[in-house]
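The chain below stands alone and is given as structure tokens, in the form predicted alone.
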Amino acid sequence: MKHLALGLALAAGLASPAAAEPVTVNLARFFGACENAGTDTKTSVGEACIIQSIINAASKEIPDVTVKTLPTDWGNYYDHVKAMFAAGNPPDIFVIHRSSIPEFASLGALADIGPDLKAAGIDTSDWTEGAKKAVTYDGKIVAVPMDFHANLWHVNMDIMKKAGLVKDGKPILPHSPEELLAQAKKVKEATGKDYLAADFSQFPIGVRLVLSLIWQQGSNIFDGDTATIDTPEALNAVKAITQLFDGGYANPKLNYADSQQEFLNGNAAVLVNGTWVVNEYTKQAENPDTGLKDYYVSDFPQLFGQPATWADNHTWAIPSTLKDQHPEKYKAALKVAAFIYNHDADWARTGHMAVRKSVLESKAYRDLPHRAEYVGTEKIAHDTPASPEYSKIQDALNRNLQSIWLTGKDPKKALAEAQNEVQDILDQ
């Protein structure tokens, strides 16, 4: 009853005029650094600068609210945020993936913001069904959706043309592991370039690639409390990738930055990366000094029985302690979340897909560069089941896959060990 009474009181407070006292809101995000992002949300380029321009604009335009962006790097972002929670000093608002919401929400760390959204100016009827599902935990809305994102097939059309892999202005995509290998061989023979680049040695980009190929075979890496990694489907997925390394058509040692550089320098026909770089690569392709001249973006190809690609959502959450203990700051944080949400169309310029129906249906959104090339991605989006242990499971799988790619470990042995590690995590 105490929480209900407090929630009603806050809801009433949100409908009242803005707080008279200035409030500073500490905001945590990843997406990288951007110096001098300014407040023009319409012209900034790339994830880091677009989000920072929106945050800067929020700080400028919301009366009596100053937004302070906390320094965070992507690599240790969640460790940083968890440490802040553990120290009793969490950020007032922070970006969080849909896949990480169960971990935080299961501990009661996220505020139930559903009752306060209307007063904050957020119309949930404008959300896509996927967005509603992404931010709902145990029947409560615990975050504000910002986007839907997924892995794409980023293509250097000049290399593909030289290899005879373009038809009707579109890249010819492989439809099986055998076709993938044949295409890689064509590219190498025609151009001397690698066929595929991706981050296989740092962040879990390679994990997401393998997951997509597992899902394309109707399998997954766990089912409820049971790990299902040591399977023929997982082995097929791993072999589809390792055959490229074995043939000299891809480099398993590339990290995230180096894989992008290889693609932008014109040294790889395809880059596996997310929707978040479409805007950046579009601008890079306009630069005469960049090796990438003719850029195309495609849905992730179907190599097995059914289409699938890894996908997730970015959302914004507020700590439950802020709502319980600092109602004025909670109200200010919710205003910041609403401001970011209301700039969904600006954020979508990154390449991410919008979560508001009104934005998705707008001509301005449909006319964004390359948008028509991956309209099918949302229909093939996939992810692991929601789990509080997702980050641990992903880390375990990443370590074991890297042992295959970087040290030559036998794939069957690595998958068996990954199975045991993940089962231990699920048994905890």
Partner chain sequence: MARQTTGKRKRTLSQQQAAWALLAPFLATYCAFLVYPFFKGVWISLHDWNLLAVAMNPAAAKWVGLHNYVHMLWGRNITWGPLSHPLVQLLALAVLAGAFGLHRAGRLSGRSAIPIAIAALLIFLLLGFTPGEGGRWFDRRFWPTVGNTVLFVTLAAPGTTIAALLLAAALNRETRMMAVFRTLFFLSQVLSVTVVTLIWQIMFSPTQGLIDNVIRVFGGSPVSWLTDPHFAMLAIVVTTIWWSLGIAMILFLAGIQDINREIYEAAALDNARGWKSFWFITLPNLKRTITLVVVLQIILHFQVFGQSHLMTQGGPDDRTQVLVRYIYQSAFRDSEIGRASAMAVFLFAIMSVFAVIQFLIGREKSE
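The structure displayed is predicted, hence computed values, not measured ones. Positions refer to the first chain, counted from 1.
This next part talks about the form predicted together with the partner chain, which is not shown.
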{"query": "Among the candidates D64, E378, D395, D40, the residue which, in the predicted complex, approaches the partner chain to within 4.5 Å (heavy atoms)", "finding": "D395"}
{"query": "The partner chain: the contacting residue among D289, D138, D79, E129 in the predicted complex [heavy atom, 4.5 Å]", "finding": "D79"}
{"query": "A83 within 4.5 Å of the partner chain in the predicted complex, heavy atoms", "finding": "yes"}
{"query": "Touches the partner chain in the predicted complex: T24 (any heavy atom, 4.5 Å)", "finding": "no"}
{"query": "G108, heavy atom within 4.5 angstroms of the partner chain in the predicted complex", "finding": "yes"}
{"query": "Exercise: E103 in contact with the partner chain in the predicted complex, heavy atom 4.5 Å", "finding": "yes"}
{"query": "One stretch from 337 to 345, 83 to 91, 175 to 183, 234 to 242 that, in the predicted complex, holds residues within 4.5 Å of the partner chain by heavy atom", "finding": "83 to 91"}
{"query": "Residues Q202, Q402 and N420 all lining the partner chain in the predicted complex, heavy atom within 4.5 Å", "finding": "yes"}
